[in-house]
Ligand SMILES: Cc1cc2nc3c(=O)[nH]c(=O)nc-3n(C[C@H](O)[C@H](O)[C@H](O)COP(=O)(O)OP(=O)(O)OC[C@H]3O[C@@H](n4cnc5c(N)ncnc54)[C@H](O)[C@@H]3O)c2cc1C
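Quick setup: one chain, the form predicted alone, written in structure tokens, and binding and motion questions come after.
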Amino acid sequence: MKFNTVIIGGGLAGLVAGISLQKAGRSTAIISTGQNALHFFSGTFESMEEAPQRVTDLFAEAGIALHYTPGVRLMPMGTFKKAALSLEDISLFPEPAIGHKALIVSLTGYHDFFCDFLAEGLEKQGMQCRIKLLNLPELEQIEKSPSEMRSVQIARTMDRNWENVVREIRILLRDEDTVILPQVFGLKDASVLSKIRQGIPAQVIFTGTLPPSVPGVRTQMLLKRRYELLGGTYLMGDEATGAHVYDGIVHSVVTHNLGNHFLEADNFILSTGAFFSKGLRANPFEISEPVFGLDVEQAPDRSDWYNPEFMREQPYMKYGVATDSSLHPLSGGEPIKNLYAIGSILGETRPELGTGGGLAIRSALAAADEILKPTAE
């Protein structure tokens, strides 16, 4: 199978690159193993201190509303973190203060939202907090199994029964000016969030839970749908296992499911993530990139990879694939001319592109722009 561009990795970076190229009329295929970093997405794009119209337009075309409000967001431990460009779900505030009294509401049997820690963090900042659990009959079936009481499973039920949540909270509400809920609403219909906010006579804040992330899963589904509507080929549940590279050019990649049927393309994009998604692998001797065998920027002495103090910053988290100025990764010190590395596989080797979601978006757009540059005749 031949495409203009084959993208290895179907997370945020891979989908943004794929959508950008499909919009420009290029044929692309994305190879995705399944779960990716969007399933852990907080809802805020790190290091996006500006709001480029290109980004907000791209997401809006996929049905994802973003807002740009430089300030801070409430974290699950009751602390605040600097934020700017975020999903519409996420409430941002000009300073670390959200009100005077908070009603923190969770669901009976749901253990991935830590109300006590949230309350403790807010109370240290002078806010009065009260915790209540909702015992909803709609959740009785999945509540029987703790493994089923996860955010996505709850959201599938709550998106059909959000009115009951509003009714119960209105009964519980006293003189609180703020209601804090876990992010277990709006899996397939983001309008549920605004309906809940409209139905409760107080400020409503949706706060993060343990993964999977409902706003992240929704974002992934909408970006994937947009990509496929543009004509992209999304190979779900497959994995790139190797590549054919000659004279600094990638000719094809091998995948687990396609066997002897190789994916050929003029360009290739590597967006396989870092250690979590096995885009980078480590053994006692080196950190490596498994598909192309690319150069990885790393300390030569293993003892320098980590900090013995577990809670301190760990050096290995900054390591990533080495690239030239055009995001061509290096192999043996030489760039592979039709291959681009984007997203978290770069680590912090390209600080000008930011970190987290900002790195994913900026590097994806930069790689797409390089591919779309007119070639000299």
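On a predicted model such as this, the values are computed, not experimentally measured, just so you know. Throughout, we count residues from 1 along the sequence that is shown.
The same protein also has a form predicted together with the named molecule, omitted here; what follows describes it.
_Contact label in the model of the complex: T323 to the named molecule, heavy atom within 4.5 Å_ = No.
*4.5 Å heavy atom contact, G9 to the named molecule in the model of the complex*: Yes, G9 is a contact residue.
*Partner contact for L21 in the model of the complex: the named molecule, 4.5 angstroms, heavy atom*: Judged by the heavy-atom cut-off of 4.5 Å, L21 is well away from the named molecule in the model of the complex.
*Quick one: is S331 in contact with the named molecule in the model of the complex, heavy atoms, 4.5 Å cut-off?*
Flag for S331 set to no.
*asked:* So, a 4.5 angstroms cut-off on heavy atom distances: do all three of F185, P201 and F206 pass it with respect to the named molecule in the model of the complex?
replied: No.
*One stretch from 338 to 346, 323 to 331, 53 to 61, 307 to 315 that, in the model of the complex, holds residues within 4.5 Å of the named molecule by heavy atom*: Flagged stretch: 338 to 346.
*So which of D295, D112, E176, E239 reaches within 4.5 angstroms of the named molecule in the model of the complex, heavy atom to heavy atom?*
For this set of options, the contacting one is E239.
_in the model of the complex: members of 1 to 34 within 4.5 Å of the named molecule, any heavy atom_ = Read in sequence order, the residues that approach the named molecule (within 4.5 Å, in the model of the complex) are I8, G9, G10, G11, L12, A13, G14, I31, S32, T33, G34.
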